[in-house]
Each structure stands twice: as C-alpha cells, then as structure tokens.
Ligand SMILES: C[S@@+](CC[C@H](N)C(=O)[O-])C[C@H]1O[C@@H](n2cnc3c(N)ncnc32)[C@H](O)[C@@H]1O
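Just the one chain here, laid out as structure tokens, in the form predicted alone.
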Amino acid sequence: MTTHDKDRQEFLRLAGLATPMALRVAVTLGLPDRLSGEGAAAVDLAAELGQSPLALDLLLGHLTTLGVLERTSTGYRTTEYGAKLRADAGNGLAGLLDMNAAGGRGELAFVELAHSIATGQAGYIRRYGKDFWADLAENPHLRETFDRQMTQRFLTQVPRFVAGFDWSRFGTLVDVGGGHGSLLAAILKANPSMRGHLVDLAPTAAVAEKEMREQGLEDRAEVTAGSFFDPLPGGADAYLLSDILHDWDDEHAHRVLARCAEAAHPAGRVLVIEAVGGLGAQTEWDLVMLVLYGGRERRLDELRELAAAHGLVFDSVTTLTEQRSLLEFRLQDIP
C-alpha cells in the first residue's frame, strides 16, 4: 500500500461515523450490560428490545469486529474489552455515549458543527430547539446524568487539585456552581480549619447537601440553591469557578465573574480552574464547548481580559494537571 493510500485510509478512519455511532447505539440499548455472562442470540435480543432482527444482527456483527462482543454457539456476548462500556464499569463511558444521557445527547449536536463555525453559536439549540441548560432544566433525567458525568470526570483529578494548590490560605471558600460537591469536600477534608459554601441549582444542591453530610462536613459546609447569575454569598476569602467559564459565551462569562467580584471582600480572591488554551487545553474541546454551549477553552490573555472588566487583576497561574490550570485573581487595589 502506498503512502497516498495509507493517508486516504487514515482520513476515512478519522472521519467515518459508522463506528462512533455503533458504539453509541450499543450503549444506549444497554448491549454491553445485557450481553454479559452467557449472552444472547440476535433474534431473541431483537424481540426483547423491540429492534429489527436483521439490523440488530448487523450492529452486533460490527461490534464483534471491534472486539466489543464475541460470537458464541448461541449468539453474542460481551468481551472483557467490551465490559468497559457497561453502566457499572466505573469509568463514566456509558454516560458519555448513552444518547439518552446529557453527554451522549450533547455529542449528537455535532451534526450542526458547520452552523456553529458559520455563526459562532452553539449547535445544540439548532438541533434541539433549546439551549443545553434549558434542556437540563426541563428534563430531570438529563440534569441527573450531567451532574453524575461531571463528578465522574473529576474523580481522578480531585486529589491533584487539592494537593497542587495551597487552599489553607483561605478561611472561607465559596464553590460557585460546585456540582455534587466532590471537590469542595476534598478541599475541606484536607484543610480542617477551612469552611466552605457551595452554590448550585436546586436539584444539584440537594445532592451536594447529602454529600456533605455523608462526608461528615455539615458543620463546616453550607449549601445554597441558586444560580451563579444571581447574587452570591458575600464576604468569603475566595470564590472558586471550576470548569464554569468555558461553558459560556463572553456575555455570560462576564456575568458570572461580575457576581464573584461583587461578592468578594476587598482582600478576596477569585480562583478559576480551567483547561487554558496554550497551557494544556485540547483543541478538540474547543469544538465541544462551541457546539454544546457556544463557549471555548480561552487563552490566558482572554481570561485576564474578561476578569479585568470586573476589577479583577491576574495574580498567578498554577498547573494542576496536564489539562487544567488554576488562575488566581485579586480585586484591584483602590487608590
């Protein structure tokens, strides 16, 4: 095979949609879970799941080629490799691929990438008739799967977030849009003298409150149901925005930073954990943020400019992981 032919095959592999969609459909149907153990025959599985027997067998055949399934004397069963796609695998893949979950549903908006490139706007609203956040608000199942996805996403990184920065400098920390509270809980447990306050929308805040009780932190951690577009609890030493700003266009990012700046006391800090362009952010995620939210992985100078509009002066950047950095801002000194 010539180099030209190899390049052509590689481009087709990169651009092909059959395999990515086959994996998404498999997870959405629960095939890796259902076919664990002894497995099942295609015709029986089709009747059970309400699928076309012929079409389902074609899907199972391709999944076998990929090594996700294997043929048996009675049908198909999940391989050890394919078991990584099970809902109970603990790696978050099922939530990201399931088209009935927030992550999988969001990925389908990539069919509108051309629209996003032409307009600079999210493709999600073009596909579904509402933006990502409105969709979550109207569908509790999507909200639940999104929160779970965010918790899973940080699972391996939280220890490095905690160890990579001196959180003990702050007596009080407000985690703005803190999700289920896994990061705040870890920070508080590592720094017994600190107190924390988490703010997130009501359904998420309810789970975070339970998390704090289970971690034995109810005496040092307060949870408030609310939006980061509304006034935040005032007077804390630091306000943390972890993977928040990249979810929004500049107009909304300004609104979030404005709330942090107005809430902080004069010596307070605003801490931004993000994948920063040029400092570890992956270009693929620029497109994910654009298509889903109309956002992007901003570069350091862009984040500095956003913050400066609200009297926030850039102090320092700390590398936490290969992908994420922590940017520290202080309120501008008043003469």
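Residue numbers here begin at 1 and follow the sequence given. Model, not experiment: these values are computed from the prediction.
Beyond the structure shown, there is the form predicted together with the ligand, which is absent from this document and is the topic of what follows.
The closest heavy atom approach of A253 to the ligand in the predicted bound form falls outside 4.5 Å. Interface residue remark: T204 is counted as part of the site for the ligand in the predicted bound form, having a heavy atom within 4.5 Å. Interface residue remark: A186 is not counted as part of the site for the ligand in the predicted bound form, having no heavy atom within 4.5 Å.
The shortest heavy atom separation between D243 and the ligand in the predicted bound form is within 4.5 Å. With the partner left out here, the ligand still marks one of 228 to 236, 84 to 92, 71 to 79, 107 to 115 in the predicted bound form; by a 4.5 Å heavy atom cut-off that stretch is 228 to 236. When you look in the predicted bound form, the only residue of E211, D135, E222, D247 with a non-hydrogen atom within 4.5 Å of the ligand is D247. Of the candidates A261, I125, M150, L217, M150 is the one whose heavy atoms come within 4.5 Å of the ligand in the predicted bound form; the others do not.
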